[in-house]
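Take a look at this one chain, the form predicted on its own, written out in structure tokens.
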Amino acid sequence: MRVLALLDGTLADPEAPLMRADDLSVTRGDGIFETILVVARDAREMGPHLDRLERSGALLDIPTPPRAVWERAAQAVIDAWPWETDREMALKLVCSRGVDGGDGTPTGFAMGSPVGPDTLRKRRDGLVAVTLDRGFAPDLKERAPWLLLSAKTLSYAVNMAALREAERRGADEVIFTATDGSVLEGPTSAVVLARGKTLITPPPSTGILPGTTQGALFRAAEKAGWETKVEPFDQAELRTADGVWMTSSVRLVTPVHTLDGTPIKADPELHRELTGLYESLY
């Protein structure tokens, strides 16, 4: 089941061809996207997602359509989704630079898809993760902004290759590290660890995406009296923390229970507390 809407709000056949063969998203991966969880018609963190879409567009010099255009397309998908049978939907907003040699008009659409069984399994059972070297230093974003390290682009070939490598190693997920051994992010998620009543996540200045679900979790935790920090930490701290989670819009707040083949601390009560804090926002 999929629902596809164009930027003017009209629905289209998700099984029919949509992109031109010379669209730059097809030939070069030159575009941006966001994925938003919608639960019972409520699009979670829509504002932060649209903020990040605009920020990614600015980094790529893509003239992204106005926010109201995206909201219209998203609402068309939400209105057409079969909520009576599917309570959750993954809503993807996609914007490419447009056709090669065209007038610069971007191509965009919104598409809703079901939340798959593998995602639900990971939410329920937690994650086996491996650390993989991302191959850049934590200050590379500042030294080489043209590499677009903090933009959410369509160029996800490296991210998907990393997940296939994790699968070859018998794992579900990857935690990328910088050349100095510090923690960055997952291919499609942010990394959060707990030390006592403090939650910590790496800073976007290292070239990672600012996480929308991580941000929501931190807001909820702060209201409940937790301390939150955005600061660098070494991968060794993953093994000594009171808990490690991968946060993403659709997989939500998912605990890591095994890292590089070794069990790490994963307290079910602490996980239930953090999940409850996150859900309390909605």
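In case it trips you up, residue 1 is the first one in the sequence shown, and so on. Computed from a prediction, not measured in an experiment: that's the story for all the values here.
Another form exists, predicted in complex with another copy of the chain; not displayed. Remarks below refer to it.
Every residue of the trio Asp100, Arg134 and Ala157 has some heavy atom no more than 4.5 Å from another copy of the chain in the model of the complex. Partner contact region in the model of the complex: 135 to 143, out of 203 to 211, 135 to 143, 119 to 127, 81 to 89, criterion any non-hydrogen atom within 4.5 Å of another copy of the chain.
Another copy of the chain is not drawn, but in the model of the complex it has a heavy atom within 4.5 Å of Leu4. When another copy of the chain is considered in the model of the complex, Thr188 lines it closely, a heavy atom lying within 4.5 Å. Although the partner is absent here, Glu231 lies well away from another copy of the chain in the model of the complex, with no heavy atom inside 4.5 Å. Proximity of Leu18 to another copy of the chain in the model of the complex: non-hydrogen atoms within 4.5 Å are present. Along 149 to 173, residues Thr153, Leu154, Ser155, Tyr156, Ala157, Val158, Met160, Ala161, Ala162, Arg164, Glu165, Arg168, Arg169 each place a heavy atom within 4.5 Å of another copy of the chain in the model of the complex.
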